[in-house]
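As a starting point, one isolated chain is supplied in structure tokens, in the form predicted on its own.
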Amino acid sequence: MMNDQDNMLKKTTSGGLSAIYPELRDRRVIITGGATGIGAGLVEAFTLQGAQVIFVDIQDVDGQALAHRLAPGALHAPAYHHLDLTQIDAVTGAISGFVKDLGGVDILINNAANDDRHAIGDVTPAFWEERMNVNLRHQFFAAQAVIPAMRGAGGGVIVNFGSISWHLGLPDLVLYQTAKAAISGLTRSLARDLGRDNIRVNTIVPGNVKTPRQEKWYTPEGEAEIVAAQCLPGRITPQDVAALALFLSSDGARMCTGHDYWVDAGWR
């Protein structure tokens, strides 16, 4: 028989993405950039699995609204916290506090990023540093902050987020693509160094995901061109990306580490 959590999952997910991972129930999950877009889809997906979710962002209105929307009927209501990921002392302090509050951590999802467009000639040293801080640096230090607890517990999962953009060489994204390319190297290195501690590290590479933020960059004609370039028809949704994150976080992926996993409808 289905319990309330199972019914909630069945009713809330879209596109037939209703897989239930019993082992994710009560798992302790920290998600960065969780207030909107792909991040909000991740928060919802893990909450619906019965996980204990803490998510951070700087978009307080959206973050608080998401936590409020998901709380009714949830086994564990997700908790939103404001956190500027460019402030590394704040990041390490906050995550250490979350780990203490949760009594440990099982899964870290390094999702936060910013893909604002920029021209090569407009890049200054200060802007370079700011873009690396927004898109790359915090992923390492967030991982560093959870590693002791994961080691102490005998294992854990870290999922970093890359981008299809640098594989395609899209225009006006040179710093974003530089940072996202580095994340693949970060994942490989962490997976090697942490594997004997039973800590798995992978990268999710989304294609063009239909979110309000992405829609501002594309005209309907531009969206149609993307879909035409994909092997599969239709637009990728945050729920499609979350489905992959759930699998990589589950025991079914126990031998998956050190690699990029794509959800791009065959765009590349």
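Keep in mind that what you see is a predicted model, and the values were worked out from it rather than measured. Residue indices: 1-based, along the sequence shown.
One more form of this protein exists, namely the form predicted together with a small molecule; it is left out here, but the text below deals with it.
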query	finding
Single option in V201, A45, V53, I38 placed near the small molecule in the predicted bound form, where near means a heavy atom within 4.5 Å	I38
Among 186 to 194, 119 to 127, 96 to 104, 154 to 162, the region lying within 4.5 Å of the small molecule in the predicted bound form by heavy atom distance	154 to 162
The small molecule in the predicted bound form reached by all of L24, Q49 and P78, non-hydrogen atom within 4.5 Å	no
Proximity of T92 to the small molecule in the predicted bound form, heavy atoms at 4.5 Å	no
Interface membership of H68, the small molecule in the predicted bound form, 4.5 Å heavy atom rule	no
Close approach of T178 to the small molecule in the predicted bound form, 4.5 Å, heavy atom	no
Partner proximity in the predicted bound form: V209 to the small molecule, non-hydrogen atom cutoff 4.5 Å	yes
